[in-house]
Each structure stands twice: as C-alpha cells, then as structure tokens.
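Quick setup: one chain, the form predicted alone, written in structure tokens, and binding and motion questions come after.
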Amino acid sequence: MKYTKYNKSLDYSYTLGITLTIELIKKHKEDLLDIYYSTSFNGESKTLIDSYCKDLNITPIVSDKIFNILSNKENIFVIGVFKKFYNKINNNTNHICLVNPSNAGNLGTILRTASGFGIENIAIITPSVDLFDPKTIRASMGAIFNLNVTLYENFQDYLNSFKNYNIYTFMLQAKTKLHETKFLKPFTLVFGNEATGLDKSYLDYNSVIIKHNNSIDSLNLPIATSIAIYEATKSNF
C-alpha cells in the first residue's frame, strides 16, 4: 500500500520512532498495518521489534524513501502504520474531559500524564486538534495506546452519558482552591481550551482554581492538568 504524508482525512496514522512503535505493537497489534525500517536501523531494538513482527506474521519493509516523505527528523529509524481507532470510555471510572484542545503537543502531553496517574478514559469536546496527528502521538510517548478516548460534539452530550459523575471544572474564576477540594468518585476533571479556558457556564459545577502568585497570569494547559490530576489521584499511590 502507498502511504502519504499525514492529514486528518486519512483513516490511518503513524508512529514515528522506536518507543512509539513498540507501544503500538504491544497495545494495538490488531490495528497495525505495516512496519518500516530505515536502512541504518540495527541493534537490540531491531531484534525486539523483529521478534514482535515474527509473532504477528508481519514482514518489516526496509526503505528510506518513506522516511523522507513522513518524517523531517534524522533520528527516526522505525515507522509504524496503524488504523485509527476509538475505544469508548468506560462508566464508573474517573475521566478527564478536554474542551476544544487546540495544540497537538499539549494534547499528547496530557494523555501521557493521565495514563501515568491511572486515568485511562478521556472525553474530548470537539472541535479539537486531531487526536491521531503524529505530533499528538509522539508527545504522548505512546500513552495514547493505553487509553480509551471518545469525542463529543458538546459538553451536554458527555453529561447525558455520565449522569452520576462528580464534575470538577478548572477555572481562573473559581472560588474553591485545589488543596481545599475533596474529589468524590467517580469524577471528571474538566479543562478548557489553551487560549480561552472554560466559559462562565462551567462555574455551575464544582469549579476549582489552582492558585499561584501574581508573576504570571495563568498556567499552561499541560501543567495545570498535571497538577490537578496529581492532586485528584494522590491517594492512589
């Protein structure tokens, strides 16, 4: 099959790198389409991926041409091609809800943090950045393959599906400080767009503020999300 440089309309995407491709093979082998090696790929990682491919009856394709098409980075030695997938988020487990995230790197970083702290179910309110952009996948360091992600057209659609959830919205206008907040399970941590945050209607829920000093006007989205996830899950560790 001839693959082209990624765009959102494709029904497949890529893992650009060894670690990402190993995570793809381990966690979503059923969606794996092809594996490509550069001619300079060798060593223990190649031996490991070779063994995975043998078990899956997949023959890696050795070709530098596709690397020139798909990747601008010189240190990429492996590319995985996979079908896009959506694993529906589960009930009665804690969620993160991202409202209109717009940056691929930020989204990937949040996915990685969520996975690291055991939150495996992510709701995304559209419009949003492309979940399967290789930049998102790379920033997640393969964590995207550990998670269930569902897209919703609006926040009300999400609420209609999870009526028993305790909703915590993170906002600069909120009155309750993070360290004063008791997170009742199952909970949803809700975060807004990088530029605009959440609108005032989200104050109707359990709104929370992460206090900081006046030398900055706000935290960036991945940092704020990471602090909130840690605080909400720290009793688990």
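The model shown is predicted, which means the values in this text are computed figures rather than measured ones. The first residue of the sequence shown is number 1, and the count goes up from there.
What comes next is about the form predicted in complex with another copy of the chain, which does not appear here.
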Check: Does another copy of the chain come within 4.5 Å of a heavy atom in each of 178, 226 and 234 in the predicted bound form?
Finding: yes
Check: Tell me which of 155-163, 139-147, 91-99, 126-134 has residues with heavy atoms within 4.5 angstroms of another copy of the chain in the predicted bound form?
Finding: 139-147
Notebook entry, point to check: Wondering, does residue 211 line up within 4.5 Å of another copy of the chain in the predicted bound form on heavy atoms?
Noted result: yes
Next item on the list: Flag residue 3 as yes or no: does it have a non-hydrogen atom within 4.5 angstroms of any non-hydrogen atom of another copy of the chain in the predicted bound form?
Entry: no
Notebook entry, point to check: Any chance residue 219 has a heavy atom within 4.5 Å of another copy of the chain in the predicted bound form?
Noted result: yes
Check: So, in the predicted bound form, is residue 9 in contact with another copy of the chain at a 4.5 angstroms heavy atom limit?
Finding: no
Next item on the list: Within 4.5 Å of another copy of the chain in the predicted bound form, which residues of 101-120 have a heavy atom? Give them in sequence order, or say none.
Entry: 109, 112, 113, 115, 116, 117, 118
